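For reference, the chain that follows is the form predicted alone, supplied as structure tokens.
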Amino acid sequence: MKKITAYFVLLILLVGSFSVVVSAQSNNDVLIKNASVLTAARGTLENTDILIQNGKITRIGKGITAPAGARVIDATGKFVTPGIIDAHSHSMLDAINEGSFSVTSMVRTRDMLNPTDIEIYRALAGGVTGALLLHGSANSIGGQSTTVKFKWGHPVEDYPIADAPPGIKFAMGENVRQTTFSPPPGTPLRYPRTRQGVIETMRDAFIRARDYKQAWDDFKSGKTKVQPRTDLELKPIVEILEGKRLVHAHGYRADEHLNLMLLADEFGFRVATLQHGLETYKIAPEIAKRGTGASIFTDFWGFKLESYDAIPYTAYILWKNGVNVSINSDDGGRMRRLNLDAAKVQKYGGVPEQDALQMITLNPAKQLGIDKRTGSIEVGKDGDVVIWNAHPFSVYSRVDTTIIEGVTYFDRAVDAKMRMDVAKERETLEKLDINKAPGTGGGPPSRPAERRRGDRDDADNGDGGNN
């Protein structure tokens, strides 16, 4: 019994070591000293201090004195950037798609958040402080999105950004049409099966939502006496028509994204972002004219037929045409290297350093409607900053510290110690080995299986776009 009790105590410690905030600071007042500060707003400030108090940036300058109780970080020779914001992620979601219907606007990613997903901690280790968590791409109109900050170790209620505009996922292309998905025998094929059918499905939803809105307007004005029934499918689409909900649209081909923007013109709303957009370089002036953003990959394509006609100069062409461009990951692994993806747009097109940095900080913040509080290092904004040991566009750079609202959520030195502690705990657990058969010699417990391959909503895994 003692051996079993010890086993479970150590197991709890092992899990707990990954589920607490790594910072031991008692408040969120921080003074970062003598850094090269890449503000993403007004250039690079050398040998500069940043004071964060009560979660907000209160001072930026030289020779700032630390207030009583503040944590002081010497960043001499290091670089500080705003926290990276990923404008397309599926991390910390226990489920991605509701694939039963082509319009599933009634479902919410908020209901599937898992604050213990290890990808959150790994994202923090790559300097990512916030993300847009999107429904998958199996639907013409998918579920409602959630904009979060990665407050690892906190309860799930602390993750969503309360004042972030609500969003919703649209999708076009192979995943929606289920062209790579083989349903079980006897299962009917789901409409739509063509690209024209996808646009028709969207138009039909907006017509129904427009009629639904009119019915409620008539009731509220007293024109009619019978109260319409509440329709959870149409309410989010009405919010789009009213400019209260942002549309984030998955797609690859230029014709599909252009058709969606024409549909938005028809119904009087603006598409917030064209996601992936490997062919958006072909329609850059049309995107800019409508004030629509593009959230793209830098040099990742060719993983399926509709993703072949891409070039590495897409970000540059969009930027040159005045489009708000962000670079997203759509993948837990790529999320940790978004700094290097931003560096690539300097190579392919010569985008200036600050504009390239904005593509992973300020620009996604603007696309998500949270730029008044984060995305750049400015007085009055949230204290969401990352300290790097070298210039973040260098392949040799790494994150030393990731801070959200003044609280440290990743610290490389603390992480190194935690790894040693976990290794010792594992060694102790292996020695206990309470399940080994007598006289067999036993052996170490098997390691947990790796997480499923990738989590991109565009991966062709034969599941109809469930990833």
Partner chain sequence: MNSQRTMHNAKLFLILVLSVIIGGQFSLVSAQNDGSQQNQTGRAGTFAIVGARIVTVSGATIENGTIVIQNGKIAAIGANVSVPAGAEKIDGKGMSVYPGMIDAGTNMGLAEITLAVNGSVDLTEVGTMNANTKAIKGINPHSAHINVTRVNGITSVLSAPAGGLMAGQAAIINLNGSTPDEMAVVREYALVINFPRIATGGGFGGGGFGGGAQPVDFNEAVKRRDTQVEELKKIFKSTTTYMRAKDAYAKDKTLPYPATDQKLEAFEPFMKGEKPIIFTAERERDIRGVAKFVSEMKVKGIIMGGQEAWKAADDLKKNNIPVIYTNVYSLPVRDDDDYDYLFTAPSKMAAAGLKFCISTGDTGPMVRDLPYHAGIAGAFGLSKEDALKSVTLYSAEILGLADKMGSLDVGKVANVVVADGDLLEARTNIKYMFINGRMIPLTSRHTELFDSFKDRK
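Positions refer to the first chain, counted from 1. Remember, predicted model here, so these are calculated numbers, not experimental data.
The form predicted together with the partner chain exists for this protein as well; it is not shown, and the discussion that follows is about that form.
- The partner is not drawn, yet in the predicted complex one stretch among 358-366, 264-272, 238-246, 342-350 has residues with heavy atoms inside 4.5 Å of the partner chain: 342-350.
- Contact check at 4.5 Å (heavy atoms) against the partner chain in the predicted complex: all three of Trp301, Ala310 and Arg337 pass.
- For the chain shown alone, Phe410 is a contact residue for the partner chain in the predicted complex, at least one non-hydrogen atom being within 4.5 angstroms.
- Proximity of Ala162 to the partner chain in the predicted complex falls outside the 4.5 Å heavy atom cutoff.
- Put simply, Ala284 is close to the partner chain in the predicted complex: some heavy atom of it is within 4.5 Å.
- Among residues of the shown chain, Pro192 is not one whose heavy atoms approach the partner chain to within 4.5 Å in the predicted complex.
- Checked against the partner chain in the predicted complex, the residues Arg398, Lys417, Arg42, Arg59 give one hit for a heavy atom within 4.5 Å, which is Arg398.
- Note on contacts: among Ile207, Val72, Val379, Ile118, the single residue with a heavy atom within 4.5 Å of the partner chain in the predicted complex is Ile118.
- Residues are counted as partner-facing when one of their heavy atoms sits within 4.5 Å of the partner chain in the predicted complex; in 132-171 not one qualifies.
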